[in-house]
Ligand SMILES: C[S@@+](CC[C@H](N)C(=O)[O-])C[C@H]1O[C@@H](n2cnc3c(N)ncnc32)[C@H](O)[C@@H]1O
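In structure tokens, the next block holds one chain alone, the form predicted on its own.
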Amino acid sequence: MSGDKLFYNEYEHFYEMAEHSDAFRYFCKDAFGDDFSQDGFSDIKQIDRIVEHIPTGRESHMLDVGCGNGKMLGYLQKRTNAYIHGFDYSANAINTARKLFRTNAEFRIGSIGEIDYPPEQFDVITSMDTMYFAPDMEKFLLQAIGWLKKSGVFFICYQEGDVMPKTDNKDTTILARALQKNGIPYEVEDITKETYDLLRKKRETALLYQKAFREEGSTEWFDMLMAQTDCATESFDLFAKKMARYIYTVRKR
């Protein structure tokens, strides 16, 4: 996870909590299928979609853009034996990642638009709700694709605050327009309903752990979960008019 520098202190606080809170760790396992210190929507089903794109073996390299504390990368490494790389602007997140994953792993403190990697280094690059923070999305897309090996995959989970507008069935999200402007072919999958169902489960699970958060002194994180999932208390039709979520897959040619 990355983010605008205005939110740096909030993310530092979040990853400090994620390292020490048993209530949050157990909540993540029950809500998402595993604990990756999720501050969003990525459950085990979404993350397992990445596995099919990662060549198995230590010659395989993958990068997570805004990797948080690296737990998602650690899971993918266990599944594929790949060498994992990640960057995030949160020092707390990267320090935790470096402690958790010491073998065939590289974690760097850095931000989108400021960090760089050698060309054609990665088989897979992932961005789980981090493209919003690119100062120049069109420029970053070209940069990230340059980091991919030939036939490599850029896997992007992306959400827009409003439902994705379409004109003659043409994809017109901010991300899609940036891809189109750069002439980059892509595939897109609508996971808005899946996200709605996940948010409802996230809220139900948080309520089950309300007492545990309170006894641990982590009430503020329970309150955060309630705020994040308030939109799922309305019908899906109303939800879909305000929020949409997609998986974009870019294959380097």
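Numbering starts at 1 and runs along the sequence shown. Values in this document were obtained by computation on a predicted structure and should not be read as measured data.
The form predicted in complex with this ligand is left out here; the points below concern that form.
- This ligand in the model of the complex is approached by G40, whose closest heavy atom lies within 4.5 angstroms of it.
- A residue is said to contact a partner when one of its heavy atoms sits within 4.5 Å of a partner heavy atom; Q77 fails this definition for this ligand in the model of the complex, lying far away.
- A residue is said to contact a partner when one of its heavy atoms sits within 4.5 Å of a partner heavy atom; D123 fails this definition for this ligand in the model of the complex, lying far away.
- Looking at I156, you'd find every heavy atom of it more than 4.5 angstroms from this ligand in the model of the complex.
- Only one of I112, L73, A144, L179 lies close to this ligand in the model of the complex, with a heavy atom inside 4.5 Å, and it is I112.
- In short, of 31 to 39, 219 to 227, 205 to 213, 183 to 191 it is 31 to 39 that has heavy atoms within 4.5 Å of this ligand in the model of the complex.
- Contacts with this ligand in the model of the complex, taken as any heavy atom within 4.5 Å, map within 122 to 149 to M128, D129, T130, F133.
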